[in-house]
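In structure tokens, one chain follows: the form predicted on its own.
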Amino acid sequence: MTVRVRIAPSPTGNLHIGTARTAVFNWLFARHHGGKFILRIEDTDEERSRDEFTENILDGLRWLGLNWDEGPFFQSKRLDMYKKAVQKLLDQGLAYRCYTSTSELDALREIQKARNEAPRYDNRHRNLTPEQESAFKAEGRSFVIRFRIDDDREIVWNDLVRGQVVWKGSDLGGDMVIARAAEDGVGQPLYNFAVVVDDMDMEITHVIRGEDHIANTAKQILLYEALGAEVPEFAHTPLILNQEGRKLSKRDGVTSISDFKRMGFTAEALVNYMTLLGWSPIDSTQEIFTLEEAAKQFSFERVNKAGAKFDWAKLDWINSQYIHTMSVEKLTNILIPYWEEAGYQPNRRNKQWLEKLVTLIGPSLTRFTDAVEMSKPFFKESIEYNDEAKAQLKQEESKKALEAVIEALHSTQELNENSSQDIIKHVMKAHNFKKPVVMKAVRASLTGETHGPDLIQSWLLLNQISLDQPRLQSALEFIKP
């Protein structure tokens, strides 16, 4: 048997991290077994589906490296197949036309609510006579197609994550709507029905999705059987939770893959982290690995039943590990668009200078976006002093140290690593300053901050664009009362 799995997002929103994590698990399982990973776009919700969401989903999967083997297939182009399947169930007496009106359904729900009962359809139109149907049609009533569910039926499957799962037919809410009406008979199929027909047609062997689909699985197993299909195996993965233990949602901030990309995460780090959201490698201490490495050892035996809490600190750490292993040239090319978006005009600097800057700040980066703030002193013609820098510069010793550094610079022919170190040593010795006093005064003057990357390398880099002495002089002006 060739393993065939699918990811089937709905283009009613951007690619969500929950859907992306499901795609990761499907991809890993398919690659582990040498199978096929299929992409299906479930776009039958005409009112909410958007082309831009479809593009966002496709772009997100590509960016993450989740290349698919077949598709994308679009449900909106497969309507004739669904209609034939509905008609098959109607012809076999396994489905029927239900003419219950919206007001009647609302009244039923109110009665059930008053009795503190779970909402369910009472199957009132399951056995209509031809005369009753004709009367409803004469009234101009519309209908839906409902699938018969035996309340006494027990639905059992062996879930690859959760073991044996048992559902009662009586807990599925009555006969299930599988399609809406249309002027020519059968209209728009509903989710549970279209999914089953698609899985049959695409010969899906394993359905891997979030645990919030468990109730749907019970309904879908009944449909597979009614349509004469072999029921695939199921694996219901744990949900991604926020820090309070609730399902991660938009209220928790960033949840779409395109947002993570904009925030400066690498695709490799994000997909690495998503792999760890509910699954653990054989070596539980291993935290950094590629998709291909994870696929070699992926199995559902190591997938947790409990929900996986999203941890920003862990994601940041993993991201930093990927950034720190990048070549200077690659990282420079990645950061240029971030600098451009910040208005820094990196094209006014030569590539060698930019790579020196990246060499300087690279080891301190957690996200690509961090480079914007870290690089500000190197691109801006003028700087602003933060509160700590202001406090540092206004110390009397800082003023004297700056005056001494500027004086020493006047007699320095070339500022390089050796000469800059000599200047610091000379000022310390001549004026009996401690090294931190001189270093902090210079750093605050050059960058507007008291902390940052290596001071000497920063000074040399700034010197290459002739910004160092004016900034030192400007700092003196700032210090004056």
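Note that residue numbering begins at 1 and tracks the sequence as displayed. The model shown is predicted, which means the values in this text are computed figures rather than measured ones.
From this point on, the text means the form predicted together with a small molecule, which you will not see here.
Note on contacts: among L270, A95, A371, V195, the single residue with a heavy atom within 4.5 Å of the small molecule in the model of the complex is V195. A heavy atom within 4.5 Å of the small molecule in the model of the complex is found for one listed residue only; from F147, Y191, Y344, F310, this is Y191. Proximity of K376 to the small molecule in the model of the complex falls outside the 4.5 Å heavy atom cutoff. Using a 4.5 angstroms threshold between heavy atoms, H213 counts as touching the small molecule in the model of the complex. Interface membership of A8, defined by any non-hydrogen atom within 4.5 Å of the small molecule in the model of the complex, is confirmed. Contact annotation: E42 falls within 4.5 Å of the small molecule in the model of the complex, judged by heavy atom distances. For the small molecule in the model of the complex, the listed stretch (261-269, 377-385, 148-156, 205-213) containing residues with heavy atoms inside 4.5 Å is 205-213.
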